[in-house]
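Quick heads-up: it's one chain on its own, the form predicted alone, in structure tokens.
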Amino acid sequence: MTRWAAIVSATLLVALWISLVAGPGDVSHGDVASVLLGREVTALQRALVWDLRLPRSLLAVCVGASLGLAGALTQGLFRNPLAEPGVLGVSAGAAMAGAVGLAIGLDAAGPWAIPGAACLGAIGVLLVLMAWARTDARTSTLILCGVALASVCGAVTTLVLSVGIERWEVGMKVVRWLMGSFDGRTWPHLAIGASALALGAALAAWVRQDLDALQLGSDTAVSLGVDLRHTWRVGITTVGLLAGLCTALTGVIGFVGLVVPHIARAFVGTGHARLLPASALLGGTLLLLVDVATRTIAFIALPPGVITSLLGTPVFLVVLARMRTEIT
């Protein structure tokens, strides 16, 4: 794992440096070094590097790491390689609340109004899941509950979007929100994202051994001393925290939680002591690379959420095909 982690970390650092140079504005590699070292540069160059590009790039790393970690945790909880954070409906709840907030003009209240509404939506879905888990913590029922909640939230979001089409400006805001973006994100956004990642990583580390035991089956895990209700509560709370806050900060960015754990598992194995940090590292690197690509390669500014969905769909189909082969 050490060599693999070193390669991914080096890729992350290179991508981070490129992200500070890439984009509109006259900023060279030397200017970036000067800003980071506190040397004399123009006010425009400092604003471009320090106030705009650096927090955006670091937030992309935090969001990617959070989604990768949440994906590995979700697949471990459900013992299903096709599971991802969206299966709990938390992301859909955050997206719905953000879309409703945009439709009613809540964004006029300030830059934190929509993220705040999205957080409330994620918390609402999470509370329903936690209440359900108290009475029935079986995997199948929790999946069905999450799917039902996601369907309801998706239906409300579609309703808001269909109504918003009649008001072009509102409709465009909702569409941009649903596609996900890092535009306009600043240091306060990064502080929230980094705090969520740190707390989520600590909670995930708390149940990593329980997740390993859970892969042997629920009955076996219980015989080994695992408290299933406790593991489910901590796991669901962690996934909800990570996925909900990521959606609140950047909008909907899909498939990272599905794709990244599979790639990480191919290099570090299935043990969650290695899989969880590897998924976080790889997720942060992947999403930063996607963000850099959308700013440098594309002829138009493409939302990162669109690119991750395009990349994630083939992986989803490959995993599904492998599962069908194993079953037959």
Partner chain sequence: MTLAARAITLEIGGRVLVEGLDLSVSPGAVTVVVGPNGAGKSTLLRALCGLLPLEHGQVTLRGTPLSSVAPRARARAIAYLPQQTPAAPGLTVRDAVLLGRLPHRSRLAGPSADDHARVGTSLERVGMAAFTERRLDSLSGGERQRVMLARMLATEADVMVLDEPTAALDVRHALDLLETLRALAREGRAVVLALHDLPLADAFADQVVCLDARGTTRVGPPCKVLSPDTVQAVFGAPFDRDDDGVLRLQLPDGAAVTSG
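Residue numbers count along the first chain shown, from 1. Everything numeric in this text was worked out from a predicted model, so none of it was measured.
Heads up, the form predicted together with the partner chain isn't pictured, but that's what we're talking about next.
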| item | value |
| --- | --- |
| Region of this chain that lies against the partner chain in the model of the complex, out of 170-178, 87-95, 152-160, 206-214 [heavy atom, 4.5 Å] | 206-214 |
| Contact test, all of Asp26, Gly30 and Arg39, partner the partner chain in the model of the complex, heavy atom 4.5 Å | no |
| Partner contact for Leu224 in the model of the complex: the partner chain, 4.5 angstroms, heavy atom | yes |
| Close approach of Asp219 to the partner chain in the model of the complex, 4.5 Å, heavy atom | yes |
| Contact test in the model of the complex: Thr296 vs the partner chain, heavy atoms, 4.5 Å | no |
| Those residues of 59-90 which, in the model of the complex, come within 4.5 Å of the partner chain by heavy atom | Arg79 |
